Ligand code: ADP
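Have a look below at one chain only, the form predicted alone, in structure tokens format.
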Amino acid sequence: MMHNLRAISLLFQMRADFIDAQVYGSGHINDTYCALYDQAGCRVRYIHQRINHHVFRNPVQVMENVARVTRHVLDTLLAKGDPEAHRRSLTCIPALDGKPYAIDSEGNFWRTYLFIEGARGYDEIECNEQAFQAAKAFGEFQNLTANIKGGRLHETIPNFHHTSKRLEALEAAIRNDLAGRASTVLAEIAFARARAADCSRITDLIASGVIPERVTHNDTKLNNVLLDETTAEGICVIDLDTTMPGSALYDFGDMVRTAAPTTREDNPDVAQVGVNLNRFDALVRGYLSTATFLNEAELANLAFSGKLITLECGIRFLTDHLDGDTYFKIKRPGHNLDRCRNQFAFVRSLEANMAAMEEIVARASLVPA
């Protein structure tokens, strides 16, 4: 559905005249539009987004987090004298009442950002250099937010990466067996149960204080980093809806899960699933070049984090398959089961290559940032 973007534009302090807007990007959660404006005779672009309040049940808290993080990142870059500070950070345009969001006549929540010119996102990684640049940008994002003021951010999705609770949800789905599928996935259930100890490893380290809680992005796919169209450098981290308290390892683990497999995550041919060690090496080098704040325990678990987040995602796909495919969108019968088996196959490959991956981390850790 195409919203009335001219009316939406009047809810914000645009200081420009609306010309036109088009659907933009490949996101599946929020409705995103690129809008063209005339600003004192110059053509400029902005991003308008309708926040999906069915996924993000408290959009006010989401936007309070986004506003705090973007303001802090921009202030930090300006204090460093970065000549491209406004290009390297998202800039929220305030609504007429000064808030970082506006509510339309139908109760939808909207936000507006400056459009970052000369940069683009990629839905799929085309080379190891892109992986390096994306990981470098995510590490820098964590670095820039490490000393954010004002107390703890809102936890907009509670227990988002609490893998043990994801396993508990799987056990509930097995007991309920709403779709009558439990008897057909006994091997997958056994696989998840056999790794119960892995599920609590990071949360236990956080609870004991060995690993600190940090500000984390929690959705570190390549398409959430804009790369410069000329230099291919990572310019700006975007899609901050899930930015909240967590472990830095969650972000790196999700980079591994999404960037290091040898095939797409729903390929039903698990024989094609493996880990691209050269890609993993690029991720490690890029990330550690900017994530200079990591402590010894975080470094010691960096390679493991990819296994954890992949296992967690596989558990979630299996849970949804048992529940009757109510959360993740599917394109064919058994799609979530294919995804689950694919993720579990990647876990096996990560386990088989763990020693090599830990050696890559150890080698990169010795290189001065």
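Start at 1 with the first residue shown and count on from there. The structure presented is a predicted model; accordingly, all values stated were derived computationally and were not measured.
As for the form predicted in complex with the named molecule, it is not shown, yet the points below apply to it.
Of the stretches 146-154, 111-119, 227-235, 191-199, only 111-119 has residues with a heavy atom within 4.5 Å of the named molecule in the predicted bound form.
For Phe12, no non-hydrogen atom is located within 4.5 Å of the named molecule in the predicted bound form, even though that partner is not displayed. Though the partner is left out of this view, Asn276 does not reach within 4.5 Å of the named molecule in the predicted bound form, counting heavy atoms only.
In the predicted bound form, the named molecule sits within 4.5 Å of a heavy atom belonging to Asp239. Within 4.5 Å of any heavy atom of the named molecule in the predicted bound form lies no heavy atom of Leu288.
Annotated contacts: Asn30, Ile47 and Asn223 all touch the named molecule in the predicted bound form [non-hydrogen atom within 4.5 angstroms]. In terms of contact with the named molecule in the predicted bound form, the residue from Leu90, Val284, Ala102, Ala259 that brings a heavy atom within 4.5 Å is Leu90.
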